[in-house]
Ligand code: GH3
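What follows is a single chain, given as structure tokens, in the form predicted on its own.
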């Protein structure tokens, strides 16, 4: 780290330098003009380093005066916190005001008083080092805050995931179904829900064990994720061997097509299930329901309707889907 003296007077340069060196400041750089100062600081910047702690600069210099030089130095981001002390032979208020406006923090009057010069230099350096420590602490705190925010976001994501299957859990499902039902009502768009259940899953566990049962649940969840094409479609583990799929902006025709595709893909996975009365592999039963904006169905009503359709699929022999019939138009309802 260094102290830079800028003065077109060789005598002033040597006097200040001598005062500083004899007081223990070993790195003192002298330049004769503002242009030499620019070259010095820009060369440090090009090398990616900042080695200046303080600039002592004469106000009155030919070509570029100290006030303009101070202003230009402060425009350089890496020098914004470097203190500048103005050296002046005049105490004109207008000059001092301009100097402070340009970014100078203090001034020293010529001819120099050694004790005053060293006191002002010491004060400026303490301020510089304190500012540096404060900024380092702020950066450290910002980094800690960022890490905490990332950790909280990870925990938030994990709190919405089912620990076994990795898809959304019941908590997230309930939250999203409520939000999507409100959006459907607000935007007057249909909202569909699929409930599906693995057929004879207890028999699967009894036959293959709970570890294989967990593998089966994970495989079914993976198929749901792969089969659903739109980012807004939400597969979730509803509980046990039951899953749910929220289909925003999807009418009854589209929901039935997706439900059939889900059933087919799970069936085609050919997960062995030798004790299933339906097939020699894992199958699912599904219930499908669609709420239209005219009906403003609540999440509870949608779930109950989908459960009724799922119950019929199970009652009729499983490995199939049923659609709960919900009237599309309020006017039609009034005619019944």
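Residue numbers count along the first chain shown, from 1. No experiment lies behind these values; they were computed from the predicted model shown.
Although it is not shown, the form predicted in complex with 3'-deoxy-guanosine-5'-triphosphate is what the next lines describe.
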Going by heavy atoms within 4.5 Å, which of 208-216, 135-143, 186-194, 112-120 lines up against 3'-deoxy-guanosine-5'-triphosphate in the predicted bound form?
-> 208-216
Even though 3'-deoxy-guanosine-5'-triphosphate is not shown here, does it sit in the predicted bound form so that 7, 31 and 35 each have a heavy atom within 4.5 Å?
-> no
Only hit among 102, 198, 73, 234 for heavy atom within 4.5 Å of 3'-deoxy-guanosine-5'-triphosphate in the predicted bound form is 198
With 3'-deoxy-guanosine-5'-triphosphate left out of view, choose which of 164, 253, 155, 91 has a non-hydrogen atom within 4.5 angstroms of it in the predicted bound form.
-> 164
Is the gap between residue 241 and 3'-deoxy-guanosine-5'-triphosphate in the predicted bound form 4.5 Å or less for some heavy atom pair?
-> yes
Spell out, yes or no, whether the shortest heavy atom distance between residue 126 and 3'-deoxy-guanosine-5'-triphosphate in the predicted bound form is within 4.5 Å.
-> no
Contact test in the predicted bound form: residue 312 vs 3'-deoxy-guanosine-5'-triphosphate, heavy atoms, 4.5 Å | no
Contact label in the predicted bound form: residue 202 to 3'-deoxy-guanosine-5'-triphosphate, heavy atom within 4.5 Å = yes
